[in-house]
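A single chain comes next, written as structure tokens; it is the form predicted alone.
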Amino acid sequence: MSVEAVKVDDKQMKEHIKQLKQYGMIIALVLIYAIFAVLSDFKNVAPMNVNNLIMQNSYVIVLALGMLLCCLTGNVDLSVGSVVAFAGAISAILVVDYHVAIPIAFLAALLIGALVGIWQGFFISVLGVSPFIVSLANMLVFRGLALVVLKGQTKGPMPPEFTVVGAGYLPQIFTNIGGTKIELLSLIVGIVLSVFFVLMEIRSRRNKKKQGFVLPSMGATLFKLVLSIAIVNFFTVKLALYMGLPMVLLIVLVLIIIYSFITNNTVPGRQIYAVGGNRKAAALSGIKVDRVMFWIYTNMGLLAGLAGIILTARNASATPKAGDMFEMDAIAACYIGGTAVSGGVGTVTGAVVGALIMGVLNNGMSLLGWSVDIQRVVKGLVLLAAVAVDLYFKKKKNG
């Protein structure tokens, strides 16, 4: 066999493995959701529950987008749950106790998150302290500060202008179809996203063909498109049968688009993958690794501040225990979504699907009345399985 044929076979093998991981995540999401549907007598497919599923896990998706960048470098941020609590507490105190304008309170929470990220980035990039140690220390620091500023008490209730971010809805256009009240904007968004998926897939295939990459089979492409469109329209139809599109869903969609663009189409995005793939080689190629790490953790802090706003708005109050174990959910979302433990491999889509899997698990187990202890056992086993699968595919690719 010629060298060229071996290279082609190697490319095809890598492409097949990539497809298996991508499709496997989506199929796993559907299967887990279906299993809990049967076990809960289809309570989890009720429109109100679908709405709650999105609202309750929006902040996990926000954190997963930031955590993805950390994981791509082979690191994590253990402090995000504590920063969520601290940023949310400050915004609540400003509004409730000091009657500060809500936009200013939002900016304050974002600024706090960014400053925390800069603080961590300084220790990691300038002083060379391990990200694990820095974030572990700050997990304790900011959880303690959240307890201090709230004095161990819940701060609320928050005004409607604040809660709209986490519990409000986009403009609603209701109509009656066959005696059923339906929100039209949700249906329109589902159709638009379906068309968008098709156009993006066509564009992706054209670009891969133009650049000489191995194309996925047409059957595999159609399967992925049909499955993705079915999932999107399932959610939009269910939302249309309830109250329409949550405000927080718009925030999440905008962030997904932004971070997909950054990771796929920008120099900083390629630098993050390079640092995760081989840190020394990236440095030798001229990439300022310390600067990349600094901005990754600054970005993570900013998103933690945003998640703090969303969570406080969703709960209409700030509590000292807010954000508890959020860091674990965000990290698990990335690894379940196909991000390599060693770094250098991972996608925004994978992280979002991973976050949805975690959300479906949380929601389904709660509907079944499982205790928090059992829920943590299940989530731990799922995370362990995801890492084992990643290592299996890595050995298969190398072997």
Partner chain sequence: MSEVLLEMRHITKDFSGVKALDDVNLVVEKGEIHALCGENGAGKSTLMNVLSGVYPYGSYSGDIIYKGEECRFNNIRESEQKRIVIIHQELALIPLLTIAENIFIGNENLKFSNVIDWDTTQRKAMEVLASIGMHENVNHLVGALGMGKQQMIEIAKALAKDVELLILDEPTSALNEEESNMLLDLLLELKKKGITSIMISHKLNELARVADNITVIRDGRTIETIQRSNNEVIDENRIIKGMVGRELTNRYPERHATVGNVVFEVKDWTVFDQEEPTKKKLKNVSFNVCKGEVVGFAGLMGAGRTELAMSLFGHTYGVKSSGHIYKDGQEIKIPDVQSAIDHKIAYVPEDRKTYGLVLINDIKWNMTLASLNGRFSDKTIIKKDDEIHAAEEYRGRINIKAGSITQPVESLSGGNQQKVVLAKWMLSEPDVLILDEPTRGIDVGAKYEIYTIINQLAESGKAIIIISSEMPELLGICDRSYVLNAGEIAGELPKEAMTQEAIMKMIMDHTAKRGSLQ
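Numbering follows the first chain given and starts at 1. Values in this document were obtained by computation on a predicted structure and should not be read as measured data.
The same protein also exists as the form predicted together with its partner chain; that form is not shown, yet it is the one meant from here on.
Using a 4.5 Å cut-off to its partner chain in the predicted complex, each of Phe261, Asn278 and Leu284 places a heavy atom inside that distance. Contact with its partner chain, judged by heavy atoms within 4.5 Å in the predicted complex, is confined among 58-66, 45-53, 368-376, 344-352 to 344-352.
With a 4.5 Å cutoff on heavy atoms, Tyr273 counts as touching its partner chain in the predicted complex. Contact check for Gln153: no non-hydrogen atom falls within 4.5 Å of its partner chain in the predicted complex. Contact check for Lys288: a heavy atom falls within 4.5 Å of its partner chain in the predicted complex. Using a 4.5 angstroms threshold between heavy atoms, Asn265 counts as touching its partner chain in the predicted complex.
Residue in contact with its partner chain in the predicted complex (any heavy atom within 4.5 Å), chosen from Ser130, Asn207, Thr175, Ser217: Asn207. The contact with its partner chain in the predicted complex, taken as any heavy atom within 4.5 Å, belongs to Phe213 out of Trp119, Trp295, Phe213, Phe197. Contact residues in stretch 93-117 (any heavy atom within 4.5 Å of its partner chain, taken in the predicted complex) are absent; none meets the cut-off.
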